[in-house]
Structures are given as structure tokens and as C-alpha cells.
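Here you get one chain, nothing else, as C-alpha cells; it is the form predicted on its own.
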């Protein structure tokens, strides 16, 4: 637990009202979307980078763990204070400091909600592409920590592709800047990319410089429903063969589709066995031509129904179905292990077959959906509490299959607590040793998010 003198010091840094120590207050910060609990000893809510740095310097001196936290929407336990300590909550650092239309950049604090930045950029004819399904409530700081991807990654890439520079507080109390306000900078080591995806284990991000794009003129959306997953996935190489890169290309299997429709009390699929949700964007003529081609390919491949969104409201209705899947799955079973595997797109059919075989082997319901356009599938192993050992063994075998297919055990959720035991399946011992040495160089006393990434 924390020494009284240390608590007093924290209060002097962030203010009495911004240091939480009561049990009922701490419980709010004790979990993320994995529902894995780990109550902190205190929660500090800083308002500026200097306050963050002072908290880190004091914590490093006292050897107290510090866990940065955005909105707690992560899927790997990255913001769970599993070893107690102090949670640094960025709810007071939520300002969009600047949107520069001429240079096409935004400067934001880590607590900015991703969807809020997207809307502010669009008001100026600009576009921030990374679009996690939780964009309505996740934060940019959390996105940076996990290198979040999302629905539009197939065409536009992931968070790291838009982070130009960072302000970072280190355990020593120093504040450094990385990168620049320019799209190009190769001065020294690329520390910006090192911090992106480091899950708060190397430093605490206090400001982010983001690249913006011109807002596409038009967005076109179609939902295509198929009798089974095989015929839906067969469309992917057809689209690639036409040299079309959709803005989004989402796959939803039978279990996920039925759960979402039941959750929303709607019927878009007509009882179909799978869905592809596809968007194109760009100049209106180009977006129209591409979506026409894609819809025709879906029908040729066996789609039993297609729905073309004619208005923004219809687009939102279709996307609401996709974004409702994750919470809807709890109607199937009370527990789930949600993994975000990635395989080469050409090997998705083989991966789905292996997942089905593993589910049959253990008698478990496994539901799949996600970003088929870039091979990133969310695999949900549904189970009862007493089935947990079987579910965990199924996850291990799924990860082993992923690695054999030259994929990755995580595409956008990170390692955190949930996947630390599986990291050696993908990363060799020499590479892990290098990572540990990097961690030690930045955080010699291991106060920053300890217990994450490495066992």
C-alpha cells in the first residue's frame, strides 16, 4: 500500500479532488473490457504533462507501479492495475489543442475521444481514418498505447500510420518529444513508433501530433448476405482481383449475425448464414463504380441478399449491426475469450476451418467476425465459467494455428495481461530479450504498467 507521505505528495501534485483513494472510487478504475479486475491503490487525474512527470518521478523513487488509463475499453487487460499502484487517468487531459488545416495535422491530449476528433476534423473537410469499433468512447491515448486498428485499416492503416510525434513523460521525471509536425522525419531512431503500441510500459504519452487526410467526397456502403461463411470469404480474392481496396471489408459469421440481430430486434439478413459489410470511398464516381462492382461480385459468389445504403441513416443502421456484435454475444454464453488474430488474407478460409475443428474438439461455441479485408478476425470462444480451462486450451491451439499460417496472435488489441503467456509462440527468445532490454533502458525500476506484455 501507499505511504501516507507519498499520498500527501500526490495530492500536492494533482490536487485533493483529483486524487481518489476511497474503495468505491477505485473500483471504477479496476477493470477494462476484459472484465479482469485489479483494483489500484489510488487514482491520480493529472491536468498537464508536468503533473504526469512529477507523479512518475515520485512513483519511481518509491517503487510504486503506475498504470496509464484512457477509457478502459481495451481488450487485453492493458489498463488493468494488476499489481495495484497508482492509475493515471487522463479524463482531465481531453483537449483538442489544434487542428491545422494547412498542414493537415491535429495536436491532441491523450484523453480525447477518438470519435470527437473525427467529427471535429470532418467539420473542416479533414479525415482521421483509424476507426476502432469503440470510437464513440475510446481515447486517442489508449489507441496509441495499443496501436489500435479498426474498421478502415484495410485501406488506411492503423494508428501508428497517423502518429507524427509525441510528448512523453518518463519515470525519471523528464519529458521528451519525438517525431515532428511534418509527414517526413528521419532524424535519429524512430522513437515515435517505439512508443506507439508499447502499452504504457516505456513512458506515458501526454500529447500526440496526428496526421489528417482530406475528407473523401463520397462513401458507399453495401451489406451482402450469404448462405454460409465459405461463400462470403470467397468474395475476397474476387475483389482483390479487380484491384479494388475497400474502405472497409467486414466479415460476420452465422453466430455473430444472429446474436446481433436478436440484440437489436431487427432482421436484415433474412436468416442468412454470414455477412460481408463493405464500403468504398473517394470521388463519387469512383466510389459508385467500385461498390457496383463489389455488389455484382457478391451476387456472382452466391449472395442471397444485398442491401445498398441510400442515405447516411441507412449506413448507420447497417454499421450499428456490426458494432453491436461484441456486447450481443453475451446472450449466447456468459463468458467469452475475445482474440484478434491476423493471418494472410489468402489463408482466412484455412484458419476458419481450423477454428471450427478446435471448437468441435472441445465442444465449444466459437463465433467469428471482424476485419476480413486485412485478415484480422475477432475469434470469440464462448463458454460457461466451468468451461474456462477448455476455452483457454482452445485459445492456445488457435494461436498455434495462427503462427503456423504465418500470422500474428494480435492485430490491434495488444498483449497486455491476456496474451502475455502466448507471446513466445510468435516472438523468439532473442527478440523478447531485446524487448526486455529496451524496457529496462526506459524504465529501470519497472514501475510502468508492470506485468504487461512479458510474464
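Small disclaimer: the values here were computed from a predicted structure and weren't measured. Positions refer to the first chain, counted from 1.
A second form of this protein, the form predicted in complex with a small molecule, is not displayed here; the remarks below concern that form.
J.: According to a 4.5 angstroms non-hydrogen atom cut-off, is residue 133 in contact with the small molecule in the predicted complex?
T.: Heavy-atom contact with the small molecule at 4.5 Å: present for residue 133.
J.: If you check in the predicted complex, is residue 160 within 4.5 Å of the small molecule, heavy atoms only?
T.: Result no; residue 160 lies far from the small molecule in the predicted complex.
J.: Using heavy atoms and a 4.5 Å limit, would one call residue 258 a contact residue for the small molecule in the predicted complex?
T.: Because no heavy atom of residue 258 falls inside 4.5 Å of the small molecule in the predicted complex, the answer is no.
J.: Determine whether any heavy atom of residue 413 comes within 4.5 Å of a heavy atom of the small molecule in the predicted complex, and answer yes or no.
T.: Within the cut-off, so yes.
J.: Would you say all of 27, 45 and 69 touch the small molecule in the predicted complex, counting a heavy atom within 4.5 Å as a touch?
T.: Zero of three within 4.5 Å in the predicted complex.
J.: Please tell me which of 82, 269, 192, 338 lies within 4.5 Å of the small molecule in the predicted complex, judged by heavy atoms.
T.: Checked against the cut-off, the match is 338.
J.: Name the residue from 369, 226, 90, 128 that puts a heavy atom within 4.5 Å of the small molecule in the predicted complex.
T.: So the residue touching the small molecule in the predicted complex, by this definition, is 369.
J.: Any idea which of 207-215, 167-175, 259-267, 319-327 reaches within 4.5 Å of the small molecule in the predicted complex, heavy atoms considered?
T.: Within 4.5 Å of the partner lies stretch 319-327.
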